[in-house]
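What follows is one chain in structure tokens, specifically the form predicted on its own.
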């Protein structure tokens, strides 16, 4: 029987920020890394540690493996760093090639082979957390559970999480697991409100008319109920709020940033951190100075009025 789920797992990290390593490793060619790539990655890691980040998020597809390779090179040259940080990576996305379409693959064989590749590129013996990157339509919970069990028994993975799964998918997968799913990483930001919006509009026609919202019903609540850590990728909204003239929401972000003497990015992150689900915001810039600037978010607590001003203005429609 699956184990009872704890109220809080506390296996991810104490910091509300996570460093996402997608920007590291140069281009997406799959070619060799350069000295400039290593220097950038090292600066990014040091900047993240400086603002209290210790959880570093990877995926086997980032820069076609080069993000993990360059990170592994940083660790090889600076062995003392390994004890200061925690590593998570994702698998399950397969790119298209000459013979196959792009697809998702959460078969046991592919998961286990992917982990071996991840560990080799990072130059480590164990991942703290393995995330299943996307929900495979052909996934079989028992098969995934067996793969994770073998990986854990071999000392290759400590914990299992998911990414981009809704409550029903997580509930279905959990039925086969003897340990709790510890993380769900999904796109969530002031520009991607579906998971929050579906709760506030559930008993109103707006819920059905806002694209994508219904699919996320209960996802945040499921995570809170079962002590699962939520992580928000795309937390800085791909720069959509950089220009205050771009939209009323962007103006609101800048107004609040000015009132608090901080940056718009810090406000975007603080908006996520204010949610009672205890969301960790994944920041993915490769610029060390921008990473450091994000540290302001951990010292900023938005009022209810500020939080709702940003939410309602960003959604572009009054609440029902």
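Keep in mind that this is a model prediction, so the values were computed, not measured. Positions refer to the first chain, counted from 1.
The same protein also exists as the form predicted together with a small molecule; that form is not shown, yet it is the one meant from here on.
By the 4.5 Å heavy atom rule, the three marked residues 163, 237 and 286 all count as contacting the small molecule in the predicted bound form. A single residue from the set 192, 121, 226, 133 has any heavy atom within 4.5 angstroms of the small molecule in the predicted bound form; that residue is 133. Residue in contact with the small molecule in the predicted bound form (any heavy atom within 4.5 Å), chosen from 206, 242, 158, 169: 242. Using a 4.5 angstroms limit between non-hydrogen atoms, residue 185 touches the small molecule in the predicted bound form.
When contacts are judged by a 4.5 Å heavy atom cut-off, residue 265 counts as touching the small molecule in the predicted bound form. When the small molecule is considered in the predicted bound form, residue 233 lines it closely, a heavy atom lying within 4.5 Å.
When contacts are judged by a 4.5 Å heavy atom cut-off, residue 282 counts as touching the small molecule in the predicted bound form. With the small molecule omitted here, the record of contacts in the predicted bound form names 133-141 of 99-107, 174-182, 133-141, 77-85, defined by a heavy atom within 4.5 Å.
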